[in-house]
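Take a look at this single chain, the form predicted alone, given in structure tokens.
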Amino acid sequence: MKANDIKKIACIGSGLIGNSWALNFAIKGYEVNVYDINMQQLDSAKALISSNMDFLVSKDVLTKEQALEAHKTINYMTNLAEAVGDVQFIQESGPENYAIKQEILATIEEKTSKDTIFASSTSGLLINEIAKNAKHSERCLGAHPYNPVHLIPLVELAKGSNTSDEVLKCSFDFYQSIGKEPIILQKEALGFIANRLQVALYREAVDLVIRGVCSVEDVDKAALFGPGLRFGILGPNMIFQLGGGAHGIKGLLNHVGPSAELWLADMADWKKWPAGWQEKSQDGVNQAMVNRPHELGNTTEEIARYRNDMLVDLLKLHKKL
């Protein structure tokens, strides 16, 4: 199957990730079946999709007419067999649990052709384990998005031992065709790529606070107004390339190498969250939220809106919207 053979998509699970995927597919012109276990869940998803659609209209990403057309392409269903029976691509966003995902896949396999692609939105589980009992594991892969899915382009594709090259290429081409930036893991890794990078940075952030070097608020400011601004434009290797000037990344690493090795020796390498960090981090974030200028948002909901506003502006600069 080729990417242009995909005409209809099923989104299994309508939570935060699933409904965002459905919105993403719909605004790109695909008919989408959204499945969940009851209408209460689906009603919640429908409300979120509508709210996010209105936001995209307010930011001139969509016209009102385009939003209305996109709404018409989304079908909400509580019958899993009906949801997957006539689709070519399945984006599964169920609970992050092997047993549940295996059960979903087993049911899906009874109701679809062997060519229907099964892409799991898992944020860190291994596709080999998810598909270990599958009859057609060659059509299964991990496809981890970043929240909010309908805005952030990244999709990390994890190939299982049996995933066919054809399925991997078709999925890559499909995601690319809807404006995503798919990347391929050459072999499986817990947490994929982006989450591992994020958690590695966060471990050092936690350690700096625990050691009394800075506050929760200041560590966020350091990340945001320092490397974070550069990361919104380029990745770490390209940033170092520019940092080395005429000598490139090689020159930079040679220049700062001895000093950086002293930092590495002093950095955190613990494997479990420090005792009490959950409470300490929440207290720190609560205080940081109070300290924010009112126009930037002081509640979780207001800050999410501010984030989305900024994301849209940044993505427009990247020509992704």
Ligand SMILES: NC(=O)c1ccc[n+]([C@@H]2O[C@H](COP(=O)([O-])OP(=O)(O)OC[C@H]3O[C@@H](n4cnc5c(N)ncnc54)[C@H](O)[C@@H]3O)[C@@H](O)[C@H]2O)c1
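So that there is no doubt, residue numbering starts at 1 and follows the sequence shown. In this text, all values refer to a predicted model and were calculated from it rather than measured experimentally.
Keep in mind the form predicted together with the named molecule is missing from the figure; the text below concerns it.
The three residues Lys8, Gln102 and Ala106 each lack any heavy atom within 4.5 Å of the named molecule in the model of the complex.
Among Ser171, Ser121, Ser137, Thr112, the residue placing a heavy atom within 4.5 Å of the named molecule in the model of the complex is Ser121. Contact annotation: of the candidates Leu296, Leu68, Ile37, Val256, the single residue with a non-hydrogen atom within 4.5 angstroms of the named molecule in the model of the complex is Ile37. With a 4.5 Å cutoff on heavy atoms, Gln41 counts as touching the named molecule in the model of the complex.
Within this chain, Leu16 lines the site of the named molecule in the model of the complex, having a heavy atom no more than 4.5 Å away. Using a 4.5 angstroms limit between non-hydrogen atoms, Pro95 touches the named molecule in the model of the complex. In the model of the complex, the named molecule sits within 4.5 Å of a heavy atom belonging to His144. You can rule out all but one of 180-188, 144-152, 163-171, 202-210: in the model of the complex, only 144-152 has residues with a heavy atom within 4.5 Å of the named molecule. Contact annotation for 293-321: no residue has a non-hydrogen atom within 4.5 angstroms of the named molecule in the model of the complex.
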